[in-house]
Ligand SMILES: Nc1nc2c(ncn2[C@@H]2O[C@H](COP(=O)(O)OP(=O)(O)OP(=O)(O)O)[C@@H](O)[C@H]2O)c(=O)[nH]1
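The data below hold one chain only, encoded as C-alpha coordinates and taken in the form predicted on its own.
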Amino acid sequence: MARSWRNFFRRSTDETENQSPTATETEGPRHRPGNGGVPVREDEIAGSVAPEDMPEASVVEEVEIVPAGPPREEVLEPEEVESGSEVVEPLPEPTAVEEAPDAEAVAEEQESAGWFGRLRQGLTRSRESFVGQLNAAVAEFKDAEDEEFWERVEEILVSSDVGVPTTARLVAELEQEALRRNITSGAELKRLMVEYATRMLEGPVELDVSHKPTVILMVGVNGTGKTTTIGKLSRFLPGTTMFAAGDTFRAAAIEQLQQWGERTSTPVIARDRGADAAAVAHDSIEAAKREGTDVLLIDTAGRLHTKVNLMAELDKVYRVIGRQMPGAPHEVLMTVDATTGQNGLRQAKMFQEVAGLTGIILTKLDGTAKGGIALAIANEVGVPIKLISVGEKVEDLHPFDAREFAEALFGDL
(Lines give C-alpha, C1' and ligand atoms only; values in the text may rest on other atoms or scores of the structure.)
Protein backbone atom coordinates (compact mmCIF):
# COMPACT_ATOMS: atom_id res chain seq x y z
CA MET A 1 0.00 0.00 0.00
CA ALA A 2 1.27 3.49 -0.80
CA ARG A 3 2.38 5.61 2.13
CA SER A 4 -0.39 7.76 3.59
CA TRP A 5 -0.52 10.52 6.17
CA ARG A 6 -1.94 8.08 8.70
CA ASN A 7 1.26 5.99 8.81
CA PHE A 8 3.66 8.89 8.18
CA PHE A 9 3.98 10.22 11.73
CA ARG A 10 5.96 8.42 14.43
CA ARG A 11 4.26 8.97 17.77
CA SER A 12 5.27 7.92 21.25
CA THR A 13 3.51 4.84 22.62
CA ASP A 14 4.16 5.87 26.21
CA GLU A 15 3.02 9.16 27.67
CA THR A 16 6.26 9.42 29.60
CA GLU A 17 8.15 9.49 26.33
CA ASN A 18 6.33 12.68 25.40
CA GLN A 19 8.00 14.61 28.19
CA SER A 20 10.88 16.80 27.09
CA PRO A 21 14.21 15.33 28.30
CA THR A 22 16.34 17.39 30.64
CA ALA A 23 20.05 17.82 30.23
CA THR A 24 20.70 15.11 32.81
CA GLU A 25 18.20 12.71 31.25
CA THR A 26 19.72 12.92 27.77
CA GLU A 27 22.17 10.06 27.43
CA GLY A 28 25.28 10.10 25.30
CA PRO A 29 26.70 12.79 23.02
CA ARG A 30 24.58 14.46 20.41
CA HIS A 31 26.10 14.28 16.94
CA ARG A 32 25.76 16.84 14.19
CA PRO A 33 27.62 16.88 10.86
CA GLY A 34 28.97 20.39 11.49
CA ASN A 35 32.55 20.79 12.68
CA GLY A 36 33.57 17.57 11.00
CA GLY A 37 30.94 15.48 12.78
CA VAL A 38 32.53 16.01 16.24
CA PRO A 39 30.19 14.94 19.07
CA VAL A 40 28.64 17.88 20.93
CA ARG A 41 27.87 17.39 24.62
CA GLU A 42 24.85 19.15 26.05
CA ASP A 43 27.01 21.16 28.51
CA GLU A 44 29.15 22.24 25.57
CA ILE A 45 26.03 23.31 23.67
CA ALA A 46 24.99 25.54 26.56
CA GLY A 47 28.50 26.91 26.91
CA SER A 48 29.00 27.38 23.19
CA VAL A 49 26.36 30.11 22.98
CA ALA A 50 28.22 33.34 23.49
CA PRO A 51 26.58 36.04 25.68
CA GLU A 52 25.69 38.01 22.58
CA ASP A 53 23.96 34.88 21.19
CA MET A 54 21.63 34.66 24.15
CA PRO A 55 18.23 36.40 24.00
CA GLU A 56 17.46 38.88 26.74
CA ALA A 57 15.60 37.73 29.84
CA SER A 58 12.54 39.64 28.76
CA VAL A 59 12.24 38.20 25.27
CA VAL A 60 9.06 36.31 26.04
CA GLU A 61 7.38 39.54 27.15
CA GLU A 62 8.32 41.24 23.88
CA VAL A 63 7.05 38.57 21.58
CA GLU A 64 3.93 39.02 19.53
CA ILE A 65 1.60 36.05 19.63
CA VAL A 66 -1.05 36.02 16.96
CA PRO A 67 -3.92 33.99 18.45
CA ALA A 68 -5.43 31.10 16.61
CA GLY A 69 -8.65 31.68 14.75
CA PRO A 70 -11.63 29.34 14.42
CA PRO A 71 -11.11 25.56 14.17
CA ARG A 72 -9.16 24.43 11.11
CA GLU A 73 -12.04 22.75 9.42
CA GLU A 74 -13.92 26.06 9.34
CA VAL A 75 -11.25 27.89 7.33
CA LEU A 76 -10.70 25.47 4.49
CA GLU A 77 -9.90 27.00 1.14
CA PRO A 78 -12.65 26.97 -1.48
CA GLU A 79 -11.02 24.28 -3.58
CA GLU A 80 -10.57 22.10 -0.51
CA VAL A 81 -14.23 22.44 0.42
CA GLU A 82 -15.19 21.46 -3.09
CA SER A 83 -12.84 18.48 -3.17
CA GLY A 84 -14.12 17.26 0.16
CA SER A 85 -17.83 17.72 -0.53
CA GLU A 86 -18.35 14.73 -2.74
CA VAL A 87 -21.54 12.88 -1.89
CA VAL A 88 -20.83 9.29 -0.85
CA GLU A 89 -23.57 6.73 -1.12
CA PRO A 90 -24.22 4.91 2.18
CA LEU A 91 -22.70 1.46 2.44
CA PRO A 92 -25.14 -1.46 2.40
CA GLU A 93 -25.95 -3.16 5.66
CA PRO A 94 -23.72 -6.21 6.22
CA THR A 95 -25.29 -9.59 5.72
CA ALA A 96 -24.51 -12.85 7.46
CA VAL A 97 -22.06 -13.82 4.74
CA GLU A 98 -20.66 -10.42 3.78
CA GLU A 99 -18.91 -7.94 6.05
CA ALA A 100 -19.18 -4.19 5.59
CA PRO A 101 -16.07 -2.65 4.00
CA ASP A 102 -13.62 -0.92 6.31
CA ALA A 103 -14.58 2.73 5.73
CA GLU A 104 -11.15 3.98 6.81
CA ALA A 105 -9.36 1.56 4.49
CA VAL A 106 -11.63 2.52 1.59
CA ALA A 107 -11.01 6.22 2.19
CA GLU A 108 -7.25 5.63 2.36
CA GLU A 109 -7.31 3.65 -0.88
CA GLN A 110 -9.25 6.43 -2.63
CA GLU A 111 -6.80 9.02 -1.30
CA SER A 112 -3.87 6.95 -2.54
CA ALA A 113 -5.37 6.56 -6.00
CA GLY A 114 -6.08 10.28 -6.23
CA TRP A 115 -2.58 11.20 -5.10
CA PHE A 116 -0.93 8.81 -7.56
CA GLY A 117 -2.82 10.53 -10.37
CA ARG A 118 -1.61 13.94 -9.20
CA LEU A 119 1.93 12.59 -8.87
CA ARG A 120 1.94 11.25 -12.43
CA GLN A 121 0.50 14.52 -13.67
CA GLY A 122 3.10 16.48 -11.74
CA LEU A 123 5.94 14.39 -13.18
CA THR A 124 4.71 14.74 -16.76
CA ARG A 125 7.53 17.05 -17.83
CA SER A 126 10.16 14.83 -16.21
CA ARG A 127 8.77 11.71 -17.87
CA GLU A 128 8.51 13.38 -21.26
CA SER A 129 12.11 14.60 -21.06
CA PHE A 130 13.71 11.19 -20.89
CA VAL A 131 11.14 8.38 -20.87
CA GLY A 132 10.75 8.70 -24.62
CA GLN A 133 14.49 8.39 -25.07
CA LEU A 134 14.65 5.42 -22.71
CA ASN A 135 11.74 3.81 -24.55
CA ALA A 136 13.61 4.06 -27.82
CA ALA A 137 16.75 2.60 -26.27
CA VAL A 138 14.95 -0.19 -24.39
CA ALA A 139 12.97 -1.14 -27.50
CA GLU A 140 16.24 -2.17 -29.12
CA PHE A 141 17.55 -4.02 -26.05
CA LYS A 142 18.38 -7.69 -26.69
CA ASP A 143 21.64 -8.45 -24.95
CA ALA A 144 22.81 -7.39 -21.47
CA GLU A 145 26.39 -7.54 -22.74
CA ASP A 146 25.77 -4.73 -25.23
CA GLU A 147 28.04 -1.98 -23.89
CA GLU A 148 26.74 0.58 -26.38
CA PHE A 149 23.24 0.14 -24.97
CA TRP A 150 24.38 0.82 -21.41
CA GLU A 151 26.37 3.87 -22.51
CA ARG A 152 23.23 5.22 -24.16
CA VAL A 153 21.25 4.70 -20.94
CA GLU A 154 23.95 6.55 -19.00
CA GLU A 155 23.76 9.53 -21.36
CA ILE A 156 19.99 9.73 -21.01
CA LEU A 157 20.04 9.58 -17.19
CA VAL A 158 22.84 12.13 -16.83
CA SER A 159 20.99 14.55 -19.10
CA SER A 160 17.93 14.13 -16.84
CA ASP A 161 19.81 15.40 -13.76
CA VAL A 162 20.24 12.02 -12.18
CA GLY A 163 23.90 13.01 -11.95
CA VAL A 164 27.12 11.21 -12.89
CA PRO A 165 27.84 9.33 -9.61
CA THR A 166 24.24 8.16 -9.20
CA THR A 167 23.93 7.21 -12.87
CA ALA A 168 27.16 5.23 -12.74
CA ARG A 169 25.98 3.29 -9.70
CA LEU A 170 22.48 2.66 -11.05
CA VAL A 171 23.60 1.52 -14.50
CA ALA A 172 26.35 -0.71 -13.06
CA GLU A 173 23.82 -2.45 -10.79
CA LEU A 174 21.28 -2.78 -13.62
CA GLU A 175 23.87 -4.25 -15.97
CA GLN A 176 25.13 -6.72 -13.38
CA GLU A 177 21.64 -7.89 -12.46
CA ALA A 178 20.54 -8.11 -16.11
CA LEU A 179 23.50 -10.37 -16.79
CA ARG A 180 22.82 -12.48 -13.70
CA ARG A 181 19.16 -12.97 -14.63
CA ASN A 182 19.98 -13.36 -18.32
CA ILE A 183 17.43 -10.70 -19.27
CA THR A 184 16.87 -10.42 -22.99
CA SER A 185 13.61 -8.47 -23.28
CA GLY A 186 12.85 -4.80 -22.89
CA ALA A 187 9.79 -5.52 -20.72
CA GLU A 188 11.88 -7.35 -18.14
CA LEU A 189 14.46 -4.58 -18.17
CA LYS A 190 11.75 -1.95 -17.56
CA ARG A 191 10.59 -3.79 -14.44
CA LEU A 192 14.19 -4.04 -13.28
CA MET A 193 14.67 -0.28 -13.67
CA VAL A 194 11.67 0.46 -11.44
CA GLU A 195 12.88 -2.11 -8.91
CA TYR A 196 16.37 -0.64 -8.63
CA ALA A 197 15.20 2.98 -8.65
CA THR A 198 12.85 2.10 -5.79
CA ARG A 199 15.67 0.49 -3.86
CA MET A 200 17.83 3.59 -4.31
CA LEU A 201 15.05 5.94 -3.17
CA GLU A 202 13.96 3.97 -0.11
CA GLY A 203 14.75 5.37 3.33
CA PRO A 204 13.29 6.09 6.80
CA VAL A 205 10.66 8.65 5.87
CA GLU A 206 8.52 8.82 9.01
CA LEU A 207 8.27 12.22 10.69
CA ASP A 208 9.10 12.07 14.39
CA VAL A 209 6.38 13.81 16.42
CA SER A 210 6.90 11.76 19.58
CA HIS A 211 8.11 14.69 21.70
CA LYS A 212 6.10 17.42 23.37
CA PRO A 213 6.66 19.85 21.96
CA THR A 214 8.19 18.40 18.81
CA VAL A 215 10.41 21.08 17.28
CA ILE A 216 10.68 21.10 13.48
CA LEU A 217 13.22 23.48 11.95
CA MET A 218 12.64 24.39 8.30
CA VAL A 219 15.68 25.45 6.27
CA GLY A 220 16.59 26.06 2.64
CA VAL A 221 17.54 28.52 -0.05
CA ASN A 222 15.39 31.53 -1.00
CA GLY A 223 12.34 30.69 -3.07
CA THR A 224 12.22 26.96 -2.38
CA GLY A 225 8.84 27.12 -0.61
CA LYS A 226 9.71 26.88 3.10
CA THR A 227 6.91 29.11 4.42
CA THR A 228 4.27 27.64 2.11
CA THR A 229 5.31 24.11 3.04
CA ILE A 230 5.00 24.95 6.74
CA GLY A 231 1.43 26.08 6.15
CA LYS A 232 0.56 23.00 4.12
CA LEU A 233 2.20 20.56 6.53
CA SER A 234 0.37 21.98 9.54
CA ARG A 235 -2.93 20.80 8.02
CA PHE A 236 -1.84 17.19 8.42
CA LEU A 237 0.13 17.23 11.69
CA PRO A 238 -1.48 15.48 14.66
CA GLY A 239 -2.33 17.59 17.71
CA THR A 240 -1.88 21.33 18.15
CA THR A 241 0.64 23.38 16.21
CA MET A 242 2.48 26.68 16.55
CA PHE A 243 4.51 28.69 14.03
CA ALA A 244 7.66 30.73 14.66
CA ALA A 245 8.43 33.50 12.17
CA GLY A 246 12.21 33.08 12.13
CA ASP A 247 12.55 34.62 8.66
CA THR A 248 13.02 38.18 9.89
CA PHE A 249 14.80 39.49 6.80
CA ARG A 250 12.68 38.81 3.73
CA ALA A 251 10.07 41.46 3.06
CA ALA A 252 6.57 40.26 4.05
CA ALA A 253 7.87 36.87 5.26
CA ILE A 254 6.40 37.39 8.73
CA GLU A 255 3.09 38.52 7.26
CA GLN A 256 3.01 35.50 4.94
CA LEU A 257 3.42 33.10 7.86
CA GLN A 258 0.79 34.99 9.86
CA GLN A 259 -1.62 34.58 6.96
CA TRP A 260 -1.01 30.84 7.04
CA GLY A 261 -1.59 31.00 10.80
CA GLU A 262 -4.99 32.58 10.23
CA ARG A 263 -5.93 30.08 7.53
CA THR A 264 -4.95 27.08 9.68
CA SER A 265 -5.97 28.47 13.09
CA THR A 266 -2.36 28.33 14.27
CA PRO A 267 -0.80 30.85 16.70
CA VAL A 268 2.33 32.58 15.38
CA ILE A 269 5.32 33.74 17.41
CA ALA A 270 6.83 36.81 15.75
CA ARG A 271 9.05 39.84 16.33
CA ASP A 272 9.67 42.91 14.20
CA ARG A 273 11.43 42.59 10.89
CA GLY A 274 15.21 42.52 11.34
CA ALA A 275 15.03 40.96 14.80
CA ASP A 276 17.43 38.23 15.90
CA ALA A 277 16.20 34.92 14.46
CA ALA A 278 17.71 33.01 17.40
CA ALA A 279 15.66 35.14 19.80
CA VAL A 280 12.50 34.24 17.89
CA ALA A 281 13.42 30.55 18.19
CA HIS A 282 13.99 31.03 21.93
CA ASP A 283 10.63 32.77 22.39
CA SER A 284 8.73 30.17 20.39
CA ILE A 285 10.05 27.21 22.39
CA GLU A 286 9.15 28.93 25.67
CA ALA A 287 5.66 29.68 24.32
CA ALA A 288 5.19 26.12 23.02
CA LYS A 289 6.13 24.69 26.42
CA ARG A 290 3.85 27.12 28.21
CA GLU A 291 0.87 26.46 25.93
CA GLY A 292 1.34 22.68 25.81
CA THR A 293 1.72 22.74 22.02
CA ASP A 294 2.32 19.39 20.30
CA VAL A 295 4.35 20.57 17.29
CA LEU A 296 6.34 23.79 16.81
CA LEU A 297 7.39 24.66 13.23
CA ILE A 298 10.18 27.23 13.01
CA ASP A 299 10.61 29.12 9.74
CA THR A 300 14.06 30.50 8.85
CA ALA A 301 15.36 33.03 6.36
CA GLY A 302 16.30 31.68 2.97
CA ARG A 303 20.06 31.73 2.60
CA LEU A 304 22.52 30.77 -0.09
CA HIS A 305 24.67 27.84 0.93
CA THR A 306 27.73 29.80 -0.23
CA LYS A 307 27.20 32.71 2.21
CA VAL A 308 29.35 31.88 5.25
CA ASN A 309 27.86 34.53 7.55
CA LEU A 310 24.27 33.43 6.88
CA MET A 311 25.13 29.78 7.44
CA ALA A 312 26.81 30.80 10.72
CA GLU A 313 23.55 32.48 11.75
CA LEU A 314 21.68 29.25 11.06
CA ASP A 315 24.18 27.42 13.24
CA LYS A 316 23.44 29.96 16.00
CA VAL A 317 19.69 29.30 15.72
CA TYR A 318 20.40 25.57 15.96
CA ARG A 319 22.52 26.04 19.11
CA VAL A 320 19.94 28.24 20.85
CA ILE A 321 17.21 25.66 20.16
CA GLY A 322 19.42 22.92 21.61
CA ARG A 323 20.10 25.00 24.72
CA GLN A 324 16.41 25.71 25.31
CA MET A 325 15.38 22.11 24.75
CA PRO A 326 18.09 19.41 24.80
CA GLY A 327 17.63 17.01 21.91
CA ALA A 328 15.87 19.60 19.72
CA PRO A 329 15.31 20.30 16.93
CA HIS A 330 13.82 16.85 16.50
CA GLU A 331 13.42 17.28 12.73
CA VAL A 332 15.46 19.54 10.44
CA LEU A 333 13.70 19.59 7.08
CA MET A 334 15.17 21.24 3.99
CA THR A 335 13.03 22.33 1.06
CA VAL A 336 14.80 21.71 -2.27
CA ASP A 337 13.44 23.24 -5.47
CA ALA A 338 13.46 20.40 -8.02
CA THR A 339 13.79 22.88 -10.87
CA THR A 340 17.34 23.74 -9.76
CA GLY A 341 18.60 20.24 -10.56
CA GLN A 342 22.23 19.61 -9.60
CA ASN A 343 22.47 22.96 -7.81
CA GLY A 344 19.79 21.72 -5.41
CA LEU A 345 21.97 18.69 -4.74
CA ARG A 346 24.93 20.92 -3.82
CA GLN A 347 22.70 23.00 -1.55
CA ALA A 348 21.50 19.90 0.30
CA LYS A 349 25.07 18.71 0.89
CA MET A 350 26.09 22.07 2.40
CA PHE A 351 23.02 22.37 4.63
CA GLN A 352 23.56 18.81 5.81
CA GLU A 353 27.00 19.80 7.09
CA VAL A 354 25.69 22.85 8.97
CA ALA A 355 22.25 21.85 10.22
CA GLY A 356 22.26 18.05 10.40
CA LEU A 357 19.28 17.46 8.13
CA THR A 358 16.83 14.70 8.98
CA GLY A 359 14.78 14.95 5.79
CA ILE A 360 14.37 16.56 2.38
CA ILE A 361 11.16 18.07 1.03
CA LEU A 362 11.31 18.12 -2.77
CA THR A 363 9.15 20.96 -4.11
CA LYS A 364 7.97 22.22 -7.53
CA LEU A 365 8.20 18.80 -9.19
CA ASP A 366 5.31 19.83 -11.41
CA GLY A 367 7.34 22.63 -12.98
CA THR A 368 10.48 20.77 -13.98
CA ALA A 369 11.86 18.13 -16.31
CA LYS A 370 14.49 17.33 -13.67
CA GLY A 371 12.59 14.81 -11.54
CA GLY A 372 15.64 12.56 -11.73
CA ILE A 373 17.27 14.80 -9.11
CA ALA A 374 15.39 12.75 -6.49
CA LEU A 375 17.64 9.78 -7.27
CA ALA A 376 20.78 11.91 -6.96
CA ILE A 377 19.70 13.38 -3.61
CA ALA A 378 18.77 10.00 -2.16
CA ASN A 379 22.06 8.47 -3.29
CA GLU A 380 24.56 11.27 -2.63
CA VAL A 381 23.32 13.32 0.33
CA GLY A 382 22.51 10.44 2.65
CA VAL A 383 19.30 12.13 3.86
CA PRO A 384 15.90 10.58 3.07
CA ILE A 385 13.31 12.41 0.99
CA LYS A 386 10.33 12.63 3.36
CA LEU A 387 7.84 14.79 1.47
CA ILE A 388 7.24 15.90 -2.10
CA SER A 389 5.09 18.62 -3.61
CA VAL A 390 3.65 18.58 -7.12
CA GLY A 391 1.47 21.69 -7.05
CA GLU A 392 0.19 24.71 -5.16
CA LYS A 393 -2.77 23.12 -3.38
CA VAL A 394 -2.57 21.68 0.13
CA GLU A 395 -3.31 18.17 -1.14
CA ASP A 396 -0.34 18.42 -3.54
CA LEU A 397 2.00 17.90 -0.57
CA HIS A 398 2.34 14.23 0.31
CA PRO A 399 4.59 11.74 2.14
CA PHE A 400 7.25 10.33 -0.17
CA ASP A 401 6.85 6.73 -1.29
CA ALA A 402 9.84 5.29 -3.17
CA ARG A 403 8.01 2.72 -5.30
CA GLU A 404 5.16 5.07 -6.07
CA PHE A 405 7.63 7.72 -7.24
CA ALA A 406 9.66 5.26 -9.32
CA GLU A 407 6.54 3.91 -11.01
CA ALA A 408 5.25 7.43 -11.72
CA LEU A 409 8.63 8.48 -13.12
CA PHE A 410 9.42 5.38 -15.18
CA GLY A 411 5.89 3.98 -15.45
CA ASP A 412 5.42 4.79 -19.14
CA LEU A 413 8.49 2.84 -20.17
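Only a predicted model underlies this, so the values are computations on that prediction, with no experimental measurement involved. Don't overthink the numbering: it's just position in the shown sequence, from 1.
If you look for the form predicted in complex with the ligand, you will not find it shown, but the lines that follow are about it.
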Subject >> Non-hydrogen atom contact residue 222 with the ligand in the model of the complex at 4.5 angstroms >> reply: yes
Original post:
Does residue 271 make contact with the ligand in the model of the complex, using a 4.5 Å heavy atom cut-off?
Top reply: no
Subject >> Heavy atom of residue 232 within 4.5 Å of the ligand in the model of the complex >> reply: yes
**OP:** Please check if residue 247 has a heavy atom lying within 4.5 Å of any heavy atom of the ligand in the model of the complex.
**Re:** yes
Subject >> the ligand in the model of the complex reached by all of 198, 340 and 375, non-hydrogen atom within 4.5 Å >> reply: no
Original post:
Out of 278 to 286, 223 to 231, 145 to 153, 179 to 187, where are the residues with a heavy atom within 4.5 Å of the ligand in the model of the complex?
Top reply: 223 to 231
Original post:
329, 261, 302, 163: which sits within 4.5 Å of the ligand in the model of the complex by any heavy atom?
Top reply: 302
**OP:** Pull the contact list for 377 to 392: residues with a heavy atom within 4.5 Å of the ligand in the model of the complex, in sequence order.
**Re:** 389, 390, 391, 392
